[in-house]
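The chain below stands alone, shown as structure tokens; this is the form predicted alone.
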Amino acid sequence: MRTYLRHLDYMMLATALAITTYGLWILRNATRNDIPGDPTYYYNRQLAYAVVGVVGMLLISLVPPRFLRRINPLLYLFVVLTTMVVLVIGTSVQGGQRWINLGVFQFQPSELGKLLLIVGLAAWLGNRRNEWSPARLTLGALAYMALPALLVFAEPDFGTALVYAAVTLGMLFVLGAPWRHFAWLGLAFVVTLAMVFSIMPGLGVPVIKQYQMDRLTAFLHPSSSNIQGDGYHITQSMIAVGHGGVGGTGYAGATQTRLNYLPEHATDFIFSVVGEERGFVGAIWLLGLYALLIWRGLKVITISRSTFGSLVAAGIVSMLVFQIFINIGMTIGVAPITGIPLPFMSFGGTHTITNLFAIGVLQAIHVDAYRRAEPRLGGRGPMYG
């Protein structure tokens, strides 16, 4: 236990807890008028999710990475089966069938699937790295990701499917896939977008629902979109962020949030609340915490003593970076609205718990790297910092 405590990354731990606490504070203010007679409804539930997530994070950090590597087939099977179950008996909310009702908790398999997919794909790539050609590895990784991604896309949840693709690309990059593979994948992505948004609908075969297409394309022309329809979310979000100014308005002056003009202010647009209530200063503070957390995650990639550990860390860092970039981008009108939550900030049980579990996995890799290096380095870790 002393070895474990000595080798934890306390800066990473403190940063994750700081962002989670900041999120609880923002959420408490943002939602105090949402449920009449119960101003702490969302806050109490998010606090419970955070507690469960922190406990799970500490427990997972005790698990040796090699154990996760051994059980990766079970993790992948769990992702696929639970996502299939959602499509059959899942609870539908706002047009998306993404949750399994467990009574006191709405379980969203696609959120936990992000982390489990990372662990499974890392093991799959690590086992074949020295046996398969680079092209075969890239195609195999895409196929490994494709099944759960397509199932999630069918819910429909386009945003989470994009996260699955992003973590796969991040892991391939760290694995050393040739640049030409990414060029071909970029070309394939452009062709796919053309098929989904233009060619297939023109042939009378829509791939995504009309409301999804409207939300995804509204950011390209927010001023010309129907402000009461497609462009409403982006317009109100940008107003809220601009209203905050440098120092923020505080809760009393945050009219966009307090008067409920800002939609989904507890989930997708929680960053808009930060911008309005805490202003530029509060937003920069949050971005600084995210940058610190990503830096610590990148460090884990470099110090890991195994390909598996480095790939898992790469997947988690890619997951966090992509979600942060897209979520904040959509709140300020530079990215499409995809329903991707902001890590550690947005309200949501499975989402919050999964992100904290991911920090636990990073901690486990960090501890394992230093523990395995001790005999060779006389008690010191593989590197300083």
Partner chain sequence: MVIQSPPNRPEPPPDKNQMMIRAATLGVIAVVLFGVLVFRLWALQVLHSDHYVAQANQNDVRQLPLPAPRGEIVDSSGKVLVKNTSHVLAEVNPAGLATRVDCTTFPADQRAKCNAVVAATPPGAVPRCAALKGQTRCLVLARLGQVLGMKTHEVWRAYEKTLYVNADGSGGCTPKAHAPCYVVNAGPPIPLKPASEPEVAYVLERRSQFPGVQFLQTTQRQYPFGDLMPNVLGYVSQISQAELKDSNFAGLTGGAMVGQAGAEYSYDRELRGTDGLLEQNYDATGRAVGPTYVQRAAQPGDTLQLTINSRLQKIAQKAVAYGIQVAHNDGEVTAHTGAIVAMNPQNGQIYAMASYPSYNPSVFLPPAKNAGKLYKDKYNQPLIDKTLEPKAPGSTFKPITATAAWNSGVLGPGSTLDCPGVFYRPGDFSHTPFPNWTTINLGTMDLQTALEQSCNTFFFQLGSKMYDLPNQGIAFQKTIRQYGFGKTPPMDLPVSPYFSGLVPDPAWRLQTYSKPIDQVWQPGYDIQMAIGQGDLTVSPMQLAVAYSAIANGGKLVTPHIGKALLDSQGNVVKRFDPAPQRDLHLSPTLLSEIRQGLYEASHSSLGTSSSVFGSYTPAVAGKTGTAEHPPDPSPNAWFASYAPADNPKLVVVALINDGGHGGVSAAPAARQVYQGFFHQRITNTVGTDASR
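Since the model is a prediction, treat every value here as computed from it, not as a measurement. Positions refer to the first chain, counted from 1.
The form predicted together with its partner chain exists for this protein as well; it is not shown, and the discussion that follows is about that form.
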property: Residue stretch of 24 to 32, 52 to 60, 354 to 362, 325 to 333 approaching its partner chain in the predicted bound form, non-hydrogen atom distance within 4.5 Å; result: 325 to 333
property: 4.5 Å heavy atom contact, G275 to its partner chain in the predicted bound form; result: yes
property: Its partner chain contact at H233 in the predicted bound form, heavy atom, 4.5 Å; result: no
property: Non-hydrogen atom contact F308 with its partner chain in the predicted bound form at 4.5 angstroms; result: yes
property: Non-hydrogen atom contact T350 with its partner chain in the predicted bound form at 4.5 angstroms; result: no
property: Heavy atom within 4.5 Å of its partner chain in the predicted bound form - the one residue of V86, V163, A266, L172 that qualifies; result: L172
property: The single option of L203, A194, A143, L187 touching its partner chain in the predicted bound form, heavy atom within 4.5 Å; result: A143
property: All of Q97, S133 and G159 within 4.5 Å of its partner chain in the predicted bound form, heavy atom check; result: no
